[in-house]
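Only one chain is shown below, in structure tokens, and it's the form predicted on its own.
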């Protein structure tokens, strides 16, 4: 009986983001074609595939970062908890508070460590006083495994940190608005192996609180950190499923060819 209850709980895991027939055009270039994806809550989903296959383009659709590109057009349906994120009534700034993003290259603001983390809560009016803001900054730096390294120099510039520390600061900044989903576009590609391991460990810890979507060129990283994996090729979502199944028993020969190194 217990097993049945566990099975039911897994089967009814919450879908945070649902994409159906998602298309992306840059002018006349059809960059993303008919993508159907369910992003589950409290799960790490990895997007893998060769360079130029569309994985980062699709990631940026999920919090409307593509809105900043005049030639870009998105069609189909993408919903956050059942509500269309492309509805004209949706404020993209508010949407990005709910769906945070960490970029490939660490990009701390030219502000203090404290002000980098405090920026989002301030502009979104999430705190009533300095004590509440202090608490959010400390909490987010702790979640990003950075507090012990910077607690004595919160007024120092964020740009003065090492590359790995800067990326963890950017993660702290992204989670300071209490997002429901955290998007990460190759967050370790500019980092050394030690910093990469720290960020991967952090991703695994954040999964208990957020839905995480990571774009990565490293199949080893996808295998280490994700529970679900989507393989993109030439703008198409070729295969999507449990990470173990994708890597050990792919259903599509193109997936098998990519994982074995024959295409890439």
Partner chain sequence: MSLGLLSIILLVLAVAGYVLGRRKAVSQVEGDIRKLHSLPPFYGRITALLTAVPAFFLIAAWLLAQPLFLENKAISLINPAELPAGKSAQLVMADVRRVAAGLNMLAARGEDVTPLLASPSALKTALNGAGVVLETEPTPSTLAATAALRDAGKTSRLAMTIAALVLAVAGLAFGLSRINPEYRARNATEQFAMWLLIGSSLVAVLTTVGIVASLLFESIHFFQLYPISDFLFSATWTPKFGGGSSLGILPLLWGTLYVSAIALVVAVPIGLMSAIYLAEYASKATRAWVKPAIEILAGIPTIVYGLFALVTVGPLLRDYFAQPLGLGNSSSSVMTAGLVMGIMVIPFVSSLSDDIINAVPQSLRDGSLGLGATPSETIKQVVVPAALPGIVGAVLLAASRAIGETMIVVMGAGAAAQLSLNPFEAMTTVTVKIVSQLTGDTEFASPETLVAFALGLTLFCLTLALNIVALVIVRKYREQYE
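A quick note: this is a predicted structure, and the numbers were derived from the prediction, not measured. Positions refer to the first chain, counted from 1.
One more form of this protein, predicted together with its partner chain, exists but is not displayed; see below.
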Check: 227, 240 and 250: each with a heavy atom within 4.5 Å of its partner chain in the predicted bound form?
Finding: no
Check: Does its partner chain come within 4.5 Å of any heavy atom of residue 99 in the predicted bound form?
Finding: yes
Notebook entry, point to check: Can any non-hydrogen atom of residue 137 be found within 4.5 angstroms of its partner chain in the predicted bound form?
Noted result: no
Note to self: When the contact criterion is heavy atoms within 4.5 Å, does residue 79 count as touching its partner chain in the predicted bound form?
What the structure shows: no
Margin query: Please determine whether residue 165 contacts its partner chain in the predicted bound form, using a 4.5 Å cut-off between heavy atoms.
Written below: no
Notebook entry, point to check: Quick one: which of 81-89, 137-145, 188-196, 152-160 gets within 4.5 Å of its partner chain in the predicted bound form, going by heavy atoms?
Noted result: 152-160
Check: Listed by sequence position, which residues of 76-114 have a non-hydrogen atom within 4.5 angstroms of its partner chain in the predicted bound form?
Finding: 93, 96, 97, 99, 100, 101, 103, 107, 108, 109, 110, 111
